[in-house]
Structure formats: structure tokens, C-alpha cells
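Next comes just one chain, in C-alpha cells: the form predicted on its own.
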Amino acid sequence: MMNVLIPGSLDEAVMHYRKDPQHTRYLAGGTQVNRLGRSQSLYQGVLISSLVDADIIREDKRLTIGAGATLQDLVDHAQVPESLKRACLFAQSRTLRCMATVGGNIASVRDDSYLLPLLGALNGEVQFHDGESMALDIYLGERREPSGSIITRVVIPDCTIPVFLERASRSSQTKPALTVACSLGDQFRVYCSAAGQFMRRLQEVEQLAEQSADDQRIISLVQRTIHPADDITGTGRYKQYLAGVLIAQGLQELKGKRKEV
């Protein structure tokens, strides 16, 4: 059984975490810690669900999401863009969506995350309990080993920019082979996550997309850029090819929207 601590503040929660970071996990929805196959005997839980904001606030194009908001909260909110709702709905189970929080999804940095590629494409920024904030790209690059900081909000500066989002899997309920997200604001942004390949921004692909409309060149570059693992969802080579095809498709769709404007 897990030993659960109930702190009175986020600062107290961080204090508990830093006493034993190897065996301590924050608990909000609990969907990560309690996943099937995970050993719970090593974990001490610090319950923060009542301490993190769950508000979703739209101000013109800017969208601020409290880290305690669940995936279902996003689906149900009238001012959340359809692309973000679709990412949440990739989690087929409503029960899971009603438990899983936005902050927990980001902090767990899973290689099969539906949400991270889209938040990256939307130029998301994470804010922390101590007032610090940083781009999602930087957070994923520097904080893969948790420091104990608690995510309190996610900010999307412009949630109206055109987005392409796609997930490939053997069935709607299984782990995805990969997830890709592309967006077109001032420039293209291209993100991909796959088994064994944590979400990353494909800047070389973005640059090529600005210069060339040749799908085959884009597919070839994606294949050389990402290195997913072989697993039950497919071989690494298959995922490289599939990612290239989906990203090329997404970029072509976004270029069409650019012409319309």
C-alpha cells in the first residue's frame, strides 16, 4: 500500500518530495502512479489535487489551463480549441479522462503522450509553484529528471493557430505507435513522439518545409531525424516511415490554409 501525505500547501508538498525524491510521487489524478504493472510498494504519494488550480481561462487568443484540470474538463469547455479536445479524446476511456490531469500528463513525460506534441506545436509554456515559467521544449529538455517543482499552469499564447494532429495505433485503445502535431503560426512547428523516442521538435523538418513542397524529401528527412524503438506497435523503421508520411500530410494541409489566408 502507498503511504499518502496530505500537505497544507504546495511548498510543504515540495518539502516532502525533496526528502526522498527517489521513492516519492505527487498525486493528483493518480493515473500514472496507479497504472497496471507499476509497483506501488516503493512509492510515497504526496496528494496535491486540492492545491493546484483547475481553472480554464480564455482571454482572446490566450488560453491558460490550471494543472489540476482533467482531460475531460478540456473536452467539456466551450472555449478550448478543437485540436486540444481531440488530443484529449485520444484517451478513449471517459473514466480515465475524468481522472488524468494536464499537469500530470506533462510531468510524466511519457513517450506515448497524446497531449505533449500538441502543446509543443501550440508553443505551450509551463508555470511552476515558485513563479518560474519556461517553454515546454525547455522543460522537457532540462527537467526529465524531476526536481520537485510542481507545475501549476500551462499557457498557450495563441490557441487559434492552424494545427494538424494525428495518432497512429493498432486500435483506438492500444498504446500509439506515434503521435505527430504540426502548427502554422509565424512559422511551422513540427513535433513527434513515439515509443523509445520522447517527444521532440523537428526543426530541420520545419526549415525544409519552408523551402520545399517535395513530400518525399520531407519523409526522408523525418526518417533520418527520429529513432523510435521496436515494440508491439511496430518496428522503428515502420514508425519512421509512418511519421514521415503523416508529417508531410500535415504540412501540406497547413500550407493550403496559409494560401487561403
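Only a predicted model underlies this, so the values are computations on that prediction, with no experimental measurement involved. Numbers for residues come from their place in the sequence shown, where the first is 1.
One more form of this protein exists, namely the form predicted in complex with a small molecule; it is left out here, but the text below deals with it.
Visitor: Would you kindly say which of Tyr191, Phe188, Tyr114, Phe164 lies with a heavy atom within 4.5 Å of the small molecule in the predicted complex?
Guide: Of the listed residues, the single hit is Tyr114.
Visitor: Which one, Gln197, Thr64, Gln223, Gln32, lies within 4.5 Å of the small molecule in the predicted complex by heavy atoms?
Guide: Among Gln197, Thr64, Gln223, Gln32, a heavy atom within 4.5 Å of the small molecule in the predicted complex occurs only for Gln32.
Visitor: Against the small molecule in the predicted complex, would Leu51 count as a contact residue? Criterion: heavy atoms within 4.5 Å.
Guide: Leu51: no contact with the small molecule in the predicted complex.
Visitor: At 4.5 Å between heavy atoms, is Val155 in contact with the small molecule in the predicted complex?
Guide: No - in the predicted complex, heavy atoms of Val155 and the small molecule never come within 4.5 Å of each other.
Visitor: Considering only heavy atoms, tell me if Leu119 and the small molecule come within 4.5 Å of each other in the predicted complex.
Guide: The answer is no: Leu119 has no heavy atom within 4.5 Å of the small molecule.
Visitor: Does Asn105 reach the small molecule in the predicted complex if we count a contact as any heavy atom within 4.5 Å?
Guide: Answer yes; at least one heavy atom of Asn105 falls within 4.5 Å of the small molecule in the predicted complex.
Visitor: Please determine, with the chain shown alone, which of 180-188, 73-81, 147-155, 130-138 has non-hydrogen atoms within 4.5 Å of the small molecule in the predicted complex.
Guide: After filtering at 4.5 Å, what remains is 147-155.
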